[in-house]
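The data below hold one chain only, encoded as structure tokens and taken in the form predicted alone.
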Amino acid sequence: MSGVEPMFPSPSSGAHVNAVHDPFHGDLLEVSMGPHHPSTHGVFRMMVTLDGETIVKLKPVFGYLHRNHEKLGENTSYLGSMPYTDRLDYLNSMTNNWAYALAVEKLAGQPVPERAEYLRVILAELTRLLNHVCLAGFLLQDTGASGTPLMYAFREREKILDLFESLSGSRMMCNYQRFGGCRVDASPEWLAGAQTITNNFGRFLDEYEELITGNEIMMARTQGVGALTPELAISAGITGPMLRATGVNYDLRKVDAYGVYSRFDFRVPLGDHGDTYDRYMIRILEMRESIKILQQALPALPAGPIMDPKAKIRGFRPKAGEAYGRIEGPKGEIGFYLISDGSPNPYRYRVRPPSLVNLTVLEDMCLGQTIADAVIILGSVDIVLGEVDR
């Protein structure tokens, strides 16, 4: 860098730089990407140290959206915390609701009617489609593609959000699950709409893959970039598509077989290299498996109640004890740990957020990569800052 005047970005870009002298490597550059930066997918900062354009150190900095979620849960009734779970991964409130409901149902020994179990699976797989198609769109935008892939993805997302709104009254903050079932039943018209989306989604994926998956620029930007080893993924507690992209066969829908997942035939896609391209492909393949599950669950939806008639809504006081409920959310294992002392509020309320846990290996994946690659690697992790910060 001697004799060359560094180019400093304007303050409005969200990145700030500072030169640091390293006697062994020459001048290193410290770049602060964020907290307000288009590449950080929210209010998030990456403190990056560069040798030229090569990353030699990266420190994630978060906490800008901290809302004291867990402490609020200890001062709120069990049911009163359900709407707060919507605000964790605010793209996937239906699965947030399910993980929390499952924890409370374990704590109270509360059964769930069969129709409600099927509805939960249907909504969870629609949510997985919604999440993964957004990840694909955002990732392509991070690689420098035009807005076309993202707009295609959001077109499909809108159809699912319209379904959620017609069922729960809200597009994103659904507040739909209840302990012992679901808040409202799905009408025949709603189920017909869900079936139409399911039938058409495969064709959309075919078109999307024809446009993107084999694109030589996409492959050059993602293959071999940000590789994660199975050993490190397991050691760091990584879950979800990030873990399966390394080749580790671990999916809570198979491991725990919660709900009625054991009744459906689907496979768990696995990657070979654990790089950014594998993480993209795992999401594409998982969407195809979600379609397969929906095609089995929708026609088999049984008649009957959606709430256990003995479930308590008011005056809910589970016996003293503790429980951990977890599900395979779109981003990985989302779990809730609850301790009851017999009062109307949890004595201890703890969230296991996949976005935060999966973010802990960001530096490991970025070391030795270029600064442009860091943006793509972060995008492939698939984080939501509401869940990271809580």
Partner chain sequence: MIGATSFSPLLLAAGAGADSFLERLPLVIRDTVAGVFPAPLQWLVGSTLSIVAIVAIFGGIFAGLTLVERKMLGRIQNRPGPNRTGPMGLLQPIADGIKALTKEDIVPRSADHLLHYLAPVALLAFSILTFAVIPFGRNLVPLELDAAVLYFFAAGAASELAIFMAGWASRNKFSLLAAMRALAQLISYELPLLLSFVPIIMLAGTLSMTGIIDAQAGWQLGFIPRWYIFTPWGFAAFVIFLIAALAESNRSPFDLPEAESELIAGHLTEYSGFKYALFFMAEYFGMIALSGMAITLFLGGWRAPLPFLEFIPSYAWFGAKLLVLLLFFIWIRGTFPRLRIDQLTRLAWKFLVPLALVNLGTAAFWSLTSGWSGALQLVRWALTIAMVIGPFVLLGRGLSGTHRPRTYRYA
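Residue numbers count along the first chain shown, from 1. Predicted model only: the values in this text are computed from it and were never measured.
The next section is about a form of this same protein that is not shown, the form predicted in complex with the partner chain.
Partner contact region in the model of the complex: 279 to 287, out of 257 to 265, 297 to 305, 113 to 121, 279 to 287, criterion any non-hydrogen atom within 4.5 Å of the partner chain.
For a residue to qualify, one of its non-hydrogen atoms must sit within 4.5 Å of the partner chain in the model of the complex; none of W98, T127 and T196 qualifies.
None of L191, I293, L270, L205 but one reaches within 4.5 angstroms of the partner chain in the model of the complex through a heavy atom, and that residue is L270. A residue is said to contact a partner when one of its heavy atoms sits within 4.5 Å of a partner heavy atom; Y152 meets this definition for the partner chain in the model of the complex.
Within this chain, L378 is remote from the site of the partner chain in the model of the complex, having no heavy atom within 4.5 Å. A residue is said to contact a partner when one of its heavy atoms sits within 4.5 Å of a partner heavy atom; R221 meets this definition for the partner chain in the model of the complex. Contact annotation: N249 falls within 4.5 Å of the partner chain in the model of the complex, judged by heavy atom distances. No residues of 165 to 191 lie near the partner chain in the model of the complex, the criterion being any heavy atom within 4.5 Å.
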